[in-house]
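What follows is a single chain, given as structure tokens, in the form predicted on its own.
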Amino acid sequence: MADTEETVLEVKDLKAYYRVMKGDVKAVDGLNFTVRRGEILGVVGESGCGKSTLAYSLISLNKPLQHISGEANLLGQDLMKLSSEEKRKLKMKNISIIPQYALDAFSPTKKIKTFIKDMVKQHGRRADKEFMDKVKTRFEIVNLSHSVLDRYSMELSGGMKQRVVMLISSLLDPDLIIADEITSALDVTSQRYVTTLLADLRDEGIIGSAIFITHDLATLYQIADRIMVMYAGRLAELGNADEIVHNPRHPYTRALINSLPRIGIQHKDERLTGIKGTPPDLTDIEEGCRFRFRCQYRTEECDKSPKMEKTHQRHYIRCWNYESVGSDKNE
């Protein structure tokens, strides 16, 4: 839980598009949010909503992804204005990422300790005895034997690989770490362990804050302080995790909740409700609410783009009809 009001990251009207032959894919299209010291901010949404694009906008803008406008201020420095070399100096120390395909990150010809030494050298740190002693201590924290250092990645299970990647990403005690779909390739037991581990790293002060990106709202709810729901490149709803899960106000958030299985409810008693339709083509976005063609609460007003509204303290929503959603107890 965030223990201070210090803002680690402030994103203001960020737009990052993929420039392709068909046109601009508006994957991140005007995002506004903050991350506070000690907070785990969850980011959830369907595939293609812009979650991972947000991550790589903050870490490294590689073509065809381009920054269009807006700011992303990390401890007072706008990441969008920094050169590649300036960003490199911040990586792992101020901002770090556990990438979506982390399990494929290792070289099969290098032992884990060699991989770690090479990685930290790239960021200007000496992998001397003192540093390696720190590494061994971190291995104990993530419940891995020191002997793993002398093994190759192919000798490790998926869960062990993920823990090693998390350890490496947090070795320099970053102010902010971005975890991008870190549970997607793991079995249920490993998912729970890795999710809890991220919170433990925060509680131990090893990482300052985290952005946890996933499509799995149930997993996210286990550790997130606040949850940001994205749809078609934009923020749909942002609020306290309990409010988002137990009292969703945006039609899309409610649809996500209703698509999840509930403990104690059998299929014969109640079927899961899917979300009809498909997300819009992000190269051809029309004026209006981006969820309106799939929304049961649609009105004529939805043909105009809704503005972000603050409904109460730290709860934000982009919807014309959120009051109707909130009052509908039979959904």
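All values reported here derive from a predicted model rather than from experimental measurement. The numbering used is simple: start at 1 and walk along the sequence shown.
The following text describes the form predicted together with a small molecule, which does not appear among the structures shown.
Item checked: Every residue of C49, S52 and P64 near the small molecule in the model of the complex, heavy atom within 4.5 Å -> Checked in the model of the complex: all three residues contact the small molecule.
Next item on the list: Can you check 66 to 74, 285 to 293, 39 to 47, 302 to 310 and let me know which stretch has heavy atoms within 4.5 Å of the small molecule in the model of the complex?
Entry: It is the stretch 39 to 47.
Margin query: Going by heavy atom distances of 4.5 angstroms or less, which of L58, V35, A27, L31 would be at the interface with the small molecule in the model of the complex?
Written below: Checked against the cut-off, the match is A27.
Notebook entry, point to check: So in the model of the complex, does any heavy atom of Y316 sit within 4.5 Å of the small molecule?
Noted result: Output for Y316 is no: heavy atoms all beyond 4.5 Å of the small molecule.
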